[in-house]
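What follows is a single chain, given as structure tokens, in the form predicted alone.
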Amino acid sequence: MKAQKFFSEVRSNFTDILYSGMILNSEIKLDKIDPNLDADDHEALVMRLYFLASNPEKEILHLINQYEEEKYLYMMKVSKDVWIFILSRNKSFAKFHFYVKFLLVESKLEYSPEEEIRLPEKEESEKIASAKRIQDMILPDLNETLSKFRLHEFFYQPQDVIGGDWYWIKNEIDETWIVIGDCTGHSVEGALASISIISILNQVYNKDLSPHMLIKYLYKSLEDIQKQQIEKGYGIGCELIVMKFNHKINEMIYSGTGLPLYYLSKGKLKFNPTRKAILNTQKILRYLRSRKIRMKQGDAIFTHSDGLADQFGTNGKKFNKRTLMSILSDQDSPTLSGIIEAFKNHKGNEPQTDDIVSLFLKI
């Protein structure tokens, strides 16, 4: 297996990884490190442990070493002169160890110098800045488009400078369409996926559609466009929630695949989940329907991508749905600002693990 593909598989399945790569003939290759870590310090750490582990008299095949609190370094020998290393927040490496064994059970790790070619740091940052400008151009101005609501609060924070979470809004005479989405991937990859989805959404949108039919048309167009790529083993995945507000009668019609909806009315909270289409897209879409809510003055809705609920805190636990529901239920007049403050307190100094987009609206 090509080394580049191997590490791509590993990183996509284990989100706690902070630093990873391979050591070939006593040189680090194909390393990737969290931008919040010092590269030189961690490279020195890896090499010190490597020279200890590669001592021929010790016959070490793999080891785990705690580096700092909640930082664990795993090293594994995969052939005579090749080692892999993983620095992670998770000390349980059993699942990772067996996953590596599974990937390499019928093939060895292959490396070629061409895989190591990278853009210079300046060029890479310019590339990200350019992608951010394009994404910012496409994402709507919320202050202008949500002015018909009594209160609107929004939180958008990619894991990197740019990411795969996105939002889309369309204002008609008496209606407002709002779509919140979460594409697979982060950084440039995620941003390109989100731009593609928004482009398709603009093509299939029709104000006379119901929300679930808009989702079906979106998925159908996406499937047609990327059919060849999916057959090759890759493609764009997306979860979203579509909300259609009628301001004349204070009615909301919504449908979604994966993103939740919280509805607050007269101090009571109702949680409305949507089924993840990524698990079985065709089956979910076949039974997908729109739901209707007649809202009253003062009612509110809240939705978010999974990056909010799945964020790990200093206690090692996720922020999770239960915490969100507790915040929304316990406060006399809950706001997104209060939720985000609780989220940041929970997160502490832990790195952000996913892109986040969330929206709070009050009628």
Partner chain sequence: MKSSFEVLLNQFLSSFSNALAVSFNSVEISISIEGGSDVEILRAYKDIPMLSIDENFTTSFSFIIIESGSIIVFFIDGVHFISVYTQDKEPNKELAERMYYKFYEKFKNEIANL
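Numbering follows the first chain given and starts at 1. Since we're looking at a predicted model, the values are computed, not measured. In this text, rigid core is short for the largest set of C-alphas that superpose within 1.5 Å between two forms.
Heads up, the form predicted together with its partner chain isn't pictured, but that's what we're talking about next.
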* Asked: Might M295 be said to contact its partner chain in the predicted complex, defining contact as any heavy atom within 4.5 Å?
  -> no
* Any non-hydrogen atom of R48 within 4.5 angstroms of its partner chain in the predicted complex -> yes
* Is K58 close enough to touch its partner chain in the predicted complex, meaning at least one heavy atom pair within 4.5 Å? -> yes
* To do: Mark N65 yes when one of its heavy atoms lies within 4.5 Å of a heavy atom of its partner chain in the predicted complex, and no otherwise.
  => yes
* Have a look at 181-189, 67-75, 286-294, 135-143 and name the one stretch with heavy atoms inside 4.5 Å of its partner chain in the predicted complex. => 67-75
* Selected contact from K91, K248, K266, R150, since only one has a non-hydrogen atom within 4.5 angstroms of its partner chain in the predicted complex -> K91
* Structure fact -> Partner-free chain; cross-checking its partner chain in the predicted complex, the single residue of M325, I28, L52, I33 with a heavy atom within 4.5 Å is L52
* Core superposition between the shown form and the other one, C-alpha change of K317 at least 2 Å -> no
* Asked: Taking the rigid core as reference, does the Cα of W168 move 2 Å or more between the shown form and the other one?
  -> no
* **Yes/no, L87 Cα shift of 2 Å or more between the shown form and the other one with rigid core fixed** => yes
